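Presented as structure tokens, the chain that follows is alone, the form predicted on its own.
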């Protein structure tokens, strides 16, 4: 379907235009995929829908801005943003989510807690950082020509970093011992415990990875945009949720590919409709997938044992 759609758009709108929006779609899908895999890792392991995930993106971007303000080089500031967001994820797991889980609260209470945390974090960030935009520190004027196509230099570097991290995450999940243990918890936490896996440690690592990837996604989005504001995460979270569901809830590989798919489809749609409507197109794809394959493109049923 993607191939047929691409050919039709190329014939109707021109191959150069299709190539440019395809490049834009890869850029957008890059941070959708990073955000989506972090979100789906938490759901896969804990069956928790982390509505505060968008605020992790915002937090990571602001921590990068803080690093810039402290005089760190931009690459160091980016590392600071990712690392502090990962630490935030671990702190919230130890101080909030783990005690709540041990009290055996229901899914509705967990859902409301996640929503409350999202609102608290968004307002706390706005209170501390202020409502105005903050410069992200990237060069948003220099561009690079790729044949007939053009992309911003910062955008190209951010995309290369994101795609590299996506590849590394996929390889770690597939081939490393940590990845196998994480997938074992996602299949059944009770069976994982009986095989001797330290589930508490894996949960902590999962939170750190999920939050760190979210922080990186926020940073890679903010750098080409040139600025950060408290609504950064909110502007992305709907597309990230769409990517998770399209790829298959709880499936990390599906989240990676779902993010790239949503980014591509949204940008392709700008050839024929108002660009302001492209997020709605992503949700149209989501609805179509749910009608044709409710478990998502790469999802499958799993027992619920949490």
Partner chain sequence: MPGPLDDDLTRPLEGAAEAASAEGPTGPAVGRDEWVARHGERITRRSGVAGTLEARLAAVPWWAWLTLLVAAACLVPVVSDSGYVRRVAFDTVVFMLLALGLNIVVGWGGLLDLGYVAFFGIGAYAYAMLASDQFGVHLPSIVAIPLVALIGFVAGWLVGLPSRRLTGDYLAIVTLFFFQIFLTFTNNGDDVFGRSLTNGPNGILDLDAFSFFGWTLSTTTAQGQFGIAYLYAAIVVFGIVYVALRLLNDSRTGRAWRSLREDPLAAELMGMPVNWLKLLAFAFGASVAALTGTLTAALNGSVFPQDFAFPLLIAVYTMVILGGAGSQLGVVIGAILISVLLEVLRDPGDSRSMFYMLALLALVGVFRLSRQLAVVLGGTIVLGFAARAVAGAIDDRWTEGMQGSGRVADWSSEWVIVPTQLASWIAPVTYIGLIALVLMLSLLHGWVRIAVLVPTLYLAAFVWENVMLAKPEPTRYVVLGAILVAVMIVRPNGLLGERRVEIV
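Positions refer to the first chain, counted from 1. Since we're looking at a predicted model, the values are computed, not measured.
As for the form predicted in complex with its partner chain, it is not shown, yet the points below apply to it.
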In the model of the complex, is there a heavy atom of its partner chain that lies within 4.5 Å of any heavy atom of residue 70, even though the partner is absent here?
no
Could you tell me if residue 249 has a non-hydrogen atom within 4.5 Å of its partner chain in the model of the complex?
yes
Any non-hydrogen atom of residue 291 within 4.5 angstroms of its partner chain in the model of the complex
yes
Using heavy atoms and a 4.5 Å limit, would one call residue 12 a contact residue for its partner chain in the model of the complex?
no
Within 4.5 Å of its partner chain in the model of the complex, heavy atoms considered, which of 164, 141, 109, 176?
109
Since exactly one of 83, 100, 225, 74 fits, which has a heavy atom within 4.5 Å of its partner chain in the model of the complex?
100
Only one of 217-225, 115-123, 178-186, 198-206 has heavy atoms within 4.5 Å of its partner chain in the model of the complex; I'd like to know which.
115-123
Residues in 50-65 close to its partner chain in the model of the complex, defined by a heavy atom within 4.5 Å, in order
51
